[in-house]
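A lone chain, given as structure tokens: the form predicted on its own.
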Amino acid sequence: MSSLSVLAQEIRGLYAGWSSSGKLVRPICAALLSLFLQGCARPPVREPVTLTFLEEWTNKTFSEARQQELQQFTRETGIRVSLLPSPDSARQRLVLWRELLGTGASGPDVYAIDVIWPGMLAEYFIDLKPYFANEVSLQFPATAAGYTVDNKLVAMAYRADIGLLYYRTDLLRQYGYREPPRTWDELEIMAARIQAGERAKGKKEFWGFVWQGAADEVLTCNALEWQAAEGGGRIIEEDQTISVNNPQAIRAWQRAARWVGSVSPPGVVGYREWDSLNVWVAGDAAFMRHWPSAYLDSQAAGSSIRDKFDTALLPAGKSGRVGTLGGWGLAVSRFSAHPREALQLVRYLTRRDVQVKRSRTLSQPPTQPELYNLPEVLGPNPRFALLSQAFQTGIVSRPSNIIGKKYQDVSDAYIQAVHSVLTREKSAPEAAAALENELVGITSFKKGRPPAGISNGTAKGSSESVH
């Protein structure tokens, strides 16, 4: 058995015992690095290079598709790729990535990184700009900006994400609605009416609207959408102004707290992506906020809502419609023993034809605007028609690159403040004021107010669905 196979098995065994507190991160890193140093000596010159690729956690469908991509890459280049397993929690992945990279020793060659990680990890990766200047110019500007820190291209985006609204077309028709809600207030009204009607039919566990309210990064995404749509800013603005303590953000939090236990389950304050998706796929909700990836599960053969739903841009507030920018990119470790081959892998996985195929097989939104005009992309994914517009004009980005290495502390503070409002432990004004002071302590930035409108633009006035 090869040393890389031993490495993969060892990681899987260690992950099986992973604690929720993440206390096993250092032993995992120690074991991983020990295996690299003791058993992963460079192969003889005549043997093909084997890259190690530390991927984001994905489900079975995505993992199988990724393996097929890597097999094709090997056929084209002769370069082998060992795909290493990773934790299923984004927070645990970030801890592991930091531990591995922080040692300065040779380890994985290519890392998949979340769009909010470049500011925290930039020092560990090579600048891709000299190698991908043409390719990055073809990407959505907001996506490319998310992976750029101090003019350094930390990673190349290969998957674009944005928050979307999923809605039941059959139920909207039954209750006399011709289109999805245009505003958050309309969503609340429609959700309450449909919920009451379905419960009157005996569906006692039916809810109007499910989303992700757990005290995790996904709550930052949801809450940022609520407040940015109302003109409540990005928590911390481009000029390093702490803007979160403002009336628009406070009102947006208060409205969301009103949903809990009324149109949303009391337990929504503990929901992560899979929790909300399970309720939705079971047919127990009229609306859901989620990412584009939820479409595959919603339309799967066993789904009770197959062919009974559609997707749309999120509802608007006073400043317009906005979805939080998500996604993943590929970065090359500056400690890689095979940087040339690692760059080839990044180039292949972000290549135009590979993205087109991924959009067809996985319904994954491409990172280049021009691809949304191709029949082979739009045909299987007609809902992509408005996604291009959303990625260019309806995006709000989390302030990760503004804050840099302290982003996790800022996000954690924001999460706890919003969560305390949702659980009614604190009033929204009290939580916002305390958060503002806490962020001053973390960042030393000044207090202020958000600029007019939405910093990253907004798609105003459009109520069309994206399917």
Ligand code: GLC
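Numbers for residues come from their place in the sequence shown, where the first is 1. These figures come from a predicted structure and were not determined experimentally.
Below, we turn to the form predicted together with the ligand, even though it does not appear here.
Though the partner is left out of this view, L138 does not reach within 4.5 Å of the ligand in the predicted complex, counting heavy atoms only. Interface membership of D310, defined by any non-hydrogen atom within 4.5 Å of the ligand in the predicted complex, is ruled out. In the predicted complex, the ligand sits within 4.5 Å of a heavy atom of R159.
Using a 4.5 angstroms threshold between heavy atoms, E217 counts as touching the ligand in the predicted complex. The stretch among 238-246, 76-84, 324-332, 359-367 whose residues place heavy atoms within 4.5 Å of the ligand in the predicted complex is 324-332. Interface residue among E225, D114, E188, E341 relative to the ligand in the predicted complex, by the heavy atom within 4.5 Å criterion: D114. Just one of A192, A105, A90, A385 comes within 4.5 Å of the ligand in the predicted complex, counting any heavy atom, and that one is A90. With contact defined as any non-hydrogen atom lying within 4.5 angstroms of the ligand in the predicted complex, the stretch 167-183 contains no contacting residue.
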